[in-house]
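Next up: a single chain in structure tokens, the form predicted on its own.
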Amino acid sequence: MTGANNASRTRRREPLTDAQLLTTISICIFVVMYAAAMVFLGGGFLKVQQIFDLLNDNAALIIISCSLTIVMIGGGINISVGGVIGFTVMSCALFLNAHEGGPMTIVLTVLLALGIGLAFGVLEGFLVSYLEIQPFIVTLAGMFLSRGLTTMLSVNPVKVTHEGFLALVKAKIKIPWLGYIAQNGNLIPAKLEIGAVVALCVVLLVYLMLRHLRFGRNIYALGGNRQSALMLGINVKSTCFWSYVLSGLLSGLAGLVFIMHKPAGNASVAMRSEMDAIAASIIGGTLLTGGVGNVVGTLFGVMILATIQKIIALSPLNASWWQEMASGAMLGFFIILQSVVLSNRSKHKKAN
């Protein structure tokens, strides 16, 4: 019995991993930032709906940030995700307008979105893993290709007119116990869009995959040390390939979620969103060097960037460049913080 108690105490004393520590820091910073906004700005920040609005407005970004986290943990990069979203949105908008049908049209639209993402994922994964071309070059080409295809489909904005799909866009999940009482005495329930629910499900599924499945552990091993992964018997090329396939599939899903939030397509849809996704992943604790990352931290990375934008939008400094400067400053802060924290932990481990 005593031995069991000692083993239990030993487990409790185990320090946090690098990913857990960086994720904890991201969560704490988000909580402090949001609490400060509640105190100094008040207004919408005092309502739960504000957090739901952050999720509703950034559901597509959450999904592609998860896709970037998967690839970055494996030591790669994918800068084509924004372009894939744009191509998916335009393709789905044109398809919906050309087929005024019932539920089957919506089902085919979902398959179209996932198919586009899957096609880009397979192509880029093959070039990166089996032909061993640098992932930055491959995904840069993928970004140019997807943006070119988007412009080829239509240079003019395309607004979705499919009534069934628009009804799906307007659908909201109401949560009365998280609502608030309006001045007229009516209860205003909190509302969450379907796309936000999909994004949260993606976070949960990717978290479980990375933490509990062999494929997830292989991705961490691949990003930690490629040669060690080979020595452990891991199929490095297959793991790399499927990580890009999954990233592409999530990009197509993000495009579907995007058009469910804003039912229109144009040539500049999701422009620069790949940079926001990379920033959110880094702020959430994912290292560009690979081997370290957590999609829970990525979720809070997105929420940090979204909160910064909301705070600046409600302040006198509501120009777009202030938002970019603040986001850049936050990204730089987290990069420095990661370097300092991980360096100190490494020195501490060597000393012990």
Partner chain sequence: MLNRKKLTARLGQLLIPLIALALLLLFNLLRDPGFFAIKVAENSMGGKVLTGNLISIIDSASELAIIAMGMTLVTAACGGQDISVGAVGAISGAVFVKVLQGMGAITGPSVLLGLVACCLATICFKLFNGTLVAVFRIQPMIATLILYSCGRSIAYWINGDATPQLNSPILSAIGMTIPGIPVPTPIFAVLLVGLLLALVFRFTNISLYTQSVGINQGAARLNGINPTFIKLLSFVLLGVCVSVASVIGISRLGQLNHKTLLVDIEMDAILAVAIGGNNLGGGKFKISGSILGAYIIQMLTTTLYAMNVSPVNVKAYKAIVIIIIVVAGSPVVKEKLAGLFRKKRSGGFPAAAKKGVG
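Residue numbers count along the first chain shown, from 1. Keep in mind the model is a prediction, meaning the values are calculated, not measured.
Keep in mind that the form predicted in complex with the partner chain is not shown, yet the notes after this line are about it.
Of these, Leu111, Leu178, Leu140, Ala264, which has a heavy atom no more than 4.5 Å from the partner chain in the predicted bound form? Exactly one listed residue reaches within 4.5 Å, namely Leu140.
Quick one: from Val245, Val206, Val158, Ala279, grab the residue that has a heavy atom within 4.5 Å of the partner chain in the predicted bound form. Among Val245, Val206, Val158, Ala279, a heavy atom within 4.5 Å of the partner chain in the predicted bound form occurs only for Ala279.
Taking 4.5 angstroms as the heavy atom distance cut-off, pick the stretch from 90 to 98, 196 to 204, 267 to 275, 163 to 171 that is near the partner chain in the predicted bound form. Looking at the partner contacts, the answer comes out as 267 to 275.
Should the three residues Leu131, Met152 and Met325 be counted as contacting the partner chain in the predicted bound form, with contact defined as a heavy atom within 4.5 Å for each? Per the other structure, all of Leu131, Met152 and Met325 touch the partner chain.
Going by a heavy atom distance of 4.5 Å, is Asn344 a contact of the partner chain in the predicted bound form? No, no contact at 4.5 Å.
Quick one: does Ala190 come within 4.5 Å of the partner chain in the predicted bound form, counting heavy atoms only? Close contact is absent here: in the predicted bound form, Ala190 is far from the partner chain, nothing within 4.5 Å, heavy atoms only.
Could you tell me if Asn186 has a non-hydrogen atom within 4.5 Å of the partner chain in the predicted bound form? The answer is no: Asn186 has no heavy atom within 4.5 Å of the partner chain.
Heavy atom of Gly115 within 4.5 Å of the partner chain in the predicted bound form: Flag for Gly115 set to no.
Heavy atoms within 4.5 Å of the partner chain in the predicted bound form is the criterion; list the residues of 322 to 351 that meet it. If the 4.5 Å heavy-atom criterion is applied to the partner chain in the predicted bound form, 322 to 351 yields Glu324, Met325, Gly328, Leu331, Gly332, Ile335, Ile336, Ser339, Val340.
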